[in-house]
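In the form predicted on its own, a lone chain appears below as structure tokens.
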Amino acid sequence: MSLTKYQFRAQFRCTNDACRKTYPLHQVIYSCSSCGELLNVEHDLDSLKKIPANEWKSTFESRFRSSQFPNASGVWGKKEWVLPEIKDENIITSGEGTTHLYDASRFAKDLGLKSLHVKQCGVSHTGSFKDLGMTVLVSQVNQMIADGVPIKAVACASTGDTSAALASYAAKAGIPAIILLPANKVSTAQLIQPVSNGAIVLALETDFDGCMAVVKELTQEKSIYLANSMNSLRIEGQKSISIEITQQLGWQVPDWVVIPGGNLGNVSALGMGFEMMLELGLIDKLPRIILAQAKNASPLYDSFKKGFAEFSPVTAEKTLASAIQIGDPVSVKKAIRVLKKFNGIVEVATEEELANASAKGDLYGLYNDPHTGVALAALLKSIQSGEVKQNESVVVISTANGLKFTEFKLAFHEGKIPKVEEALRNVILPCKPTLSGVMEILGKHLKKT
């Protein structure tokens, strides 16, 4: 069907229900000028409702994995729900989205679940789900520059994946990128990505929260545009995860979605995608959500245990899940709203729990980064506690490619991570270069298995 006769619109709106002030998307603004709360991108749902739910489904189906620009992107195939007014010539895309929904059926059977799928968001151009949000933000900046808004650079604080995504998309658009990273706290694979893409990379002697404080000051200069997830344009791209999952499940909603959380923009985006589908009639229920945090950086878990009555930032301790080593998440209020609406829970994983869960998932054909390990550990603990029931359906969000964390995988199997399950370690076996040598070792090994 043709949607050209319809006019779809979007704007920024303050998330404070007592304020609700609106701003145009081309304005350089990240929080409300009246009350200081974060913004959301708000869509004209009345115009979107003019299209029946089944027609939206068929439209999205027809565009899925298309070879045609811009629908080759899983994000821009849903343009009307993301940035409806952007001109196609200003879209900066690297074919993000449309990632595989991994069917972990053998794992599900062993866990007693009806089904278990892992949304492989790391199978993307820069290797993480951050591409989904960055294509939207950089495209909007590209549109703003074309319209005469004087932006000379984009900037972010990052624990790794955000910097990789921003540097790549900015390089494709020809826009300078400024990256602030915590010194010696980012994996080599993540660090080299923005360096290779020509970004201005600064290593600050602080943690992510310290980098975030500096970049917020830096981007008070309106010619330097903030690209962190407190900018709600990022959330618009990331919410496509919810739509893709549902579409890949035949427009059925899983009982649970498990997602790791650091700065907490991801769970906000997840919720917004499901809410939009419910509002427009594509689904008839919401899933429950498990927000998974590393125990060493778990301020939201502390708040959850108190019924979200209060929230206190913490100083995050070192964790193998470095991308979520965040003690003062900027999107905490958005995340709490979503968790309350979705009857969600927050669970934590210790270092050994996340390492073991990552390795356990690998034995079912996955190759998990440590953040997916946090999500899997949270799922395993929630099954054990009875929160997740037998014969329920679960989708785990894998936020990054395991290949970015080779050091983590090596450390696990070389026994350099303390207190892990020895049975999960797989040691490389030295062998004589003869058939008899191979057969001798295989005989011993196959007897054990």
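So that there is no doubt, residue numbering starts at 1 and follows the sequence shown. Rigid core: the largest C-alpha set superposing within 1.5 Å between the two forms. These figures come from a predicted structure and were not determined experimentally.
Heads up, the form predicted in complex with another copy of the chain isn't pictured, but that's what we're talking about next.
- Residues T98, Q120 and A173 are all found to lie within 4.5 Å of another copy of the chain in the model of the complex, as judged by heavy atom distances.
- Contact with another copy of the chain in the model of the complex, judged as any non-hydrogen atom within 4.5 angstroms, is confined among 280 to 288, 244 to 252, 307 to 315, 136 to 144 to 244 to 252.
- Although the partner is absent here, D328 sits far enough away that none of its heavy atoms falls within 4.5 Å of another copy of the chain in the model of the complex.
- In the model of the complex, another copy of the chain lies farther than 4.5 Å from every heavy atom of E351.
- Of the heavy atoms in L45, none are within 4.5 Å of another copy of the chain in the model of the complex.
- At least one heavy atom of I441 is located within 4.5 Å of another copy of the chain in the model of the complex.
- Of the candidates S33, S385, Q390, T406, T406 is the one whose heavy atoms come within 4.5 Å of another copy of the chain in the model of the complex; the others do not.
- Proximity to another copy of the chain in the model of the complex, taken as a non-hydrogen atom within 4.5 angstroms, holds for one residue of M276, V149, V195, L111, which is V195.
- For the partner-free chain shown, N401, L403, K404, T406, K409, L410, H413, E414, N426, V427 of 392 to 427 come within 4.5 angstroms of another copy of the chain in the model of the complex, judged by any non-hydrogen atom.
- Here S187 counts as shifted, since its C-alpha moves by at least 2 Å between the shown form and the other one after the core is aligned.
- The Cα shift for I86 between the shown form and the other one, taken after rigid core superposition, is smaller than 2 angstroms.
- Superposition on the rigid core between the shown form and the other one places the CA atom of L218 2 Å or more away from its counterpart.
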